[in-house]
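A lone chain, given as structure tokens: the form predicted on its own.
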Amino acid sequence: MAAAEEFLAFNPAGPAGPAAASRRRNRGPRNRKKGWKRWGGPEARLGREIGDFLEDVGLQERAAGGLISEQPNEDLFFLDTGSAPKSQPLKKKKPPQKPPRKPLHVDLVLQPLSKVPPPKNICAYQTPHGRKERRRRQFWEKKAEIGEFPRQERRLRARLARGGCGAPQKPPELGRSDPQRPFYDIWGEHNPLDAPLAGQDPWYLQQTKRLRVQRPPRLQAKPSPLPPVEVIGQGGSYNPPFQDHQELLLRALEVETRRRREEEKVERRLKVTEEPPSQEAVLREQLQGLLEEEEEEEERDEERDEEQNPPRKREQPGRKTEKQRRREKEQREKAGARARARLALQRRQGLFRLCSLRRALRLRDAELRRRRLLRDRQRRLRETAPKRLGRLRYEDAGPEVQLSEELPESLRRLRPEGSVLRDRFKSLQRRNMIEPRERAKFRRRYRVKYVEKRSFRAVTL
């Protein structure tokens, strides 16, 4: 008992120990016999002291991790070295909070007793343009996966990359007067003129007219697969091999022969015969109106014969008897049986025709391959052939060739053949870039009027 009284309490402001607890006023009921036994006598006082002691021990274990009498002085006391540093201001001690007030009974009665939660107010959760903002957020999330961010985010990242400082100072531009200025291709990919546009927002460049308009795909396709400049064969060289030069001459001869035949054909169509008319043609012309009466008499005789001998009508066959129908049915059945037997015989005999069937299949495959190659060659010819773009057809200028005696001995004596301007003009027509054209004819709008001056008219010789 004496040891319990000497125990140091955890809360100095509270009761000192069991002695103070014994001086507390007994709050138990005194008008009952039960209250007399509970709060009266030395046993009850001892029980209250033991309970207070155990409660104080539990409080010390929870707050200090053990009995305070067993804790070292370093854990219980500290050395005050002065005021706290200015960077860490002293925290003001908060006033003790009052315990929450218990709601009144009338308020508890008015609360709902249903277990079903009330419906949510949808209008309270809606935000203006919520669907639009959600789609915009999803759009930029997909763009962020490929490294594209909105303008505000890019500006923030650029500012953070610069370390939060202002725009970097650009070095002074020397321009064209700089002798160390390198040369560059204005149409190349690494063009310094396009360097300020690198990394900019495409929408911003499009709205500010700094971005080039994208060329449509239909304009990217070439109108013809032919090369812009065709390399002539070895026969067109200034010192060609003999065989190649003969082949070029043969090709030029074929072109000239074809052109000559077409000219002769047109001349034959336009040729006017100046031979005198024959006697038969003169007689036919003289009897032009006399033969009409004979033709009319022949027509009358034909009509008279048709009236005397009218055409006989075709007799309709009578109704078939049962015997005829039965015979026709038997004949049809026999013909079908013969056809089926013939087909079965051909199938049985087909087993002994395996070699011929294989040969027929190989021939068919070879024919199909030949047709496919022919179609491919015709398709390539159609692709490279000039198209009909206007009212005129494309006419090939023909090969430019020199005869064997015209070949020079050296390059200095080479005589130019053809025209570069005409060759380029024909190349544009052959590649379907311009339509075939003909030279415009000079036509006078008004007739030329010749006037003789009076001074010349007076002169007589």
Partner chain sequence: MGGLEKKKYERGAATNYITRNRARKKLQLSLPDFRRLCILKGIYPHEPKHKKKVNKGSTAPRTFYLLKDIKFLLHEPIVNKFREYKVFVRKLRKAYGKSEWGTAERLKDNKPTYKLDHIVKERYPTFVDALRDLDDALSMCFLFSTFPRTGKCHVQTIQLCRRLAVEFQNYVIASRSLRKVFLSIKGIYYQAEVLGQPITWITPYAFAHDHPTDVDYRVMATFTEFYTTLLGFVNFRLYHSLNLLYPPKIDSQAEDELKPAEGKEYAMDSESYLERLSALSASLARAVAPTHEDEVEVDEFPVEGETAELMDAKKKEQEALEKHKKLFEGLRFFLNREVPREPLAFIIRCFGGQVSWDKSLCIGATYDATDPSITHHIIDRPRLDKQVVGRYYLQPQWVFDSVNAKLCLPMADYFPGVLLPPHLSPFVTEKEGDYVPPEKLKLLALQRGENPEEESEEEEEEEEEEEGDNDKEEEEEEDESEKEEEMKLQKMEEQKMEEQKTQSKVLPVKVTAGKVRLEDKQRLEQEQQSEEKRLAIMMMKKREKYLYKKIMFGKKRKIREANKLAEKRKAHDAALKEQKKKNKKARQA
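Owing to the predicted nature of the structure, the values given are computational and were not obtained by experimental measurement. Positions refer to the first chain, counted from 1.
Omitted from view is the form predicted together with its partner chain, to which the following refers.
K.L.:
Even though the partner isn't displayed, in the predicted complex is Lys441 close enough to its partner chain, meaning a heavy atom within 4.5 Å?
P.N.:
Outside the cut-off, so no.
K.L.:
Does any heavy atom of Phe53 come within 4.5 Å of a heavy atom of its partner chain in the predicted complex?
P.N.:
Flag for Phe53 set to no.
K.L.:
Although its partner chain is absent from this view, report whether Lys453 comes within 4.5 Å of it in the predicted complex, heavy atoms only.
P.N.:
Lys453: no contact with its partner chain in the predicted complex.
K.L.:
Is Glu61 one of the residues lying within 4.5 Å of its partner chain in the predicted complex, judged by heavy atom distances?
P.N.:
Outside the cut-off, so no.
K.L.:
Pick from 221-229, 108-116, 153-161, 200-208: which stretch has a heavy atom within 4.5 Å of its partner chain in the predicted complex?
P.N.:
Checking each option against the 4.5 Å cut-off leaves 221-229.
K.L.:
Taking 4.5 Å between heavy atoms as the contact cutoff, choose which of Lys120, Arg212, Arg326, Arg375 touches its partner chain in the predicted complex.
P.N.:
It is Arg212.
K.L.:
Exactly one of Ala339, Leu363, Leu354, Leu283 has a non-hydrogen atom within 4.5 Å of its partner chain in the predicted complex; which residue is it?
P.N.:
Looking at the other structure, the residue within range turns out to be Leu363.
K.L.:
Where, within 421-450, is there a heavy atom within 4.5 Å of its partner chain in the predicted complex? Residue list please.
P.N.:
The stretch touches the partner through Leu421, Arg422, Asp423, Arg424, Phe425, Leu428, Arg431, Asn432, Met433, Ile434, Glu435, Arg437, Arg439.
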